[in-house]
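Listed next as structure tokens is one chain, alone, in the form predicted on its own.
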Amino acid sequence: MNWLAILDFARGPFFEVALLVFIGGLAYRLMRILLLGWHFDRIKPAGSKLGGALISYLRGILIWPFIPWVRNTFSKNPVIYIAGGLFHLGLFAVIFLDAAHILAWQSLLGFGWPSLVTPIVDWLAAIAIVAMILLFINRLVNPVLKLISGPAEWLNLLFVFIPMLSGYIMAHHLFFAYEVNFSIHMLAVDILLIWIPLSRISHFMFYFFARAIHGADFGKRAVIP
């Protein structure tokens, strides 16, 4: 098998198609949300919508999901809060603060930014991989999560886990030749890009709209979101 040809395909035409599907799919979903409009308030607000939205964003930034005593729900399922928070933290560091990925962003956007030192990103990536395994096991054994988990939920975990694991293996030159690891990683990334607009993973984009809408709703009632 000519892995260099596979790598050229994964980095070239397949990546371009996947990126178009990713951007076009998210743009379509975003337009559908924006076309829903904003309902008209018939009752005079008791507080500030803008203030409520700002407080909501500040709480989202300052209160990490793996600080259980803030949410007061740690006793119900600590795995979700700790492993889920660490996974998102590691994923963010790998995608946006890893030197190699910043170079990829720079090739797409035309500009880059400072990176974290490699050992820190490496440890965060390893922690995120372990966290994903724990989340997978928790979904298997938790009776409620097991009941509501369908093919889409398992595919979400799989399509995120494979790029993370293959990227870690590639960075450490483990198991296979570099071009084999790179090919597997790029193919996994391309599949993930296509899958995101079709799945709930797209929540990362709608999170900001949800924060603004819910914060504004709480703000107009003079309630802290």
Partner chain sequence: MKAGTIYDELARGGISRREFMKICGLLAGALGLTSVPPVDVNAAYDALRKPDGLVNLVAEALQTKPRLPVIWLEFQDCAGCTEALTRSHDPTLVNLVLNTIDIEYHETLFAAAGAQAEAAKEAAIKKYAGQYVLVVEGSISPGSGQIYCTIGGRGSGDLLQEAAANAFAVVATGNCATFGGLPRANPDPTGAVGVMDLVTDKPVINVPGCPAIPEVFTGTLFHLLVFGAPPELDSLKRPMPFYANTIHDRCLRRPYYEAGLFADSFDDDGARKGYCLYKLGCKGPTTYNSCATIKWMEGLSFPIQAGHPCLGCSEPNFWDGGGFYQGQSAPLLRPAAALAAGAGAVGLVLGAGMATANQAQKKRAHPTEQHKE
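Residue numbers count along the first chain shown, from 1. Given the structure is predicted, the values throughout are model-derived calculations rather than measurements.
Missing here is the form predicted in complex with the partner chain; even so, the following discussion is about that form.
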- Mind telling me which stretch in 149 to 157, 111 to 119, 88 to 96, 136 to 144 gets its heavy atoms within 4.5 Å of the partner chain in the model of the complex? 111 to 119
- Distance check, Tyr168 to the partner chain in the model of the complex, heavy atom within 4.5 Å: no
- Item | 4.5 angstroms heavy atom contact with the partner chain in the model of the complex for Arg32 | yes
- in the model of the complex, Phe206 touching the partner chain (heavy atom, 4.5 Å): no
- Query: Heavy atoms within 4.5 Å of the partner chain in the model of the complex: does Ala177 have any?
  - Reply: yes
- Restricting to 2 to 34, the residues within 4.5 Å of the partner chain in the model of the complex through any heavy atom are Asn2, Leu4, Leu7, Asp8, Arg11, Gly12, Pro13, Phe15, Glu16, Leu19, Leu20, Ile23, Gly24, Ala27, Tyr28, Met31, Arg32
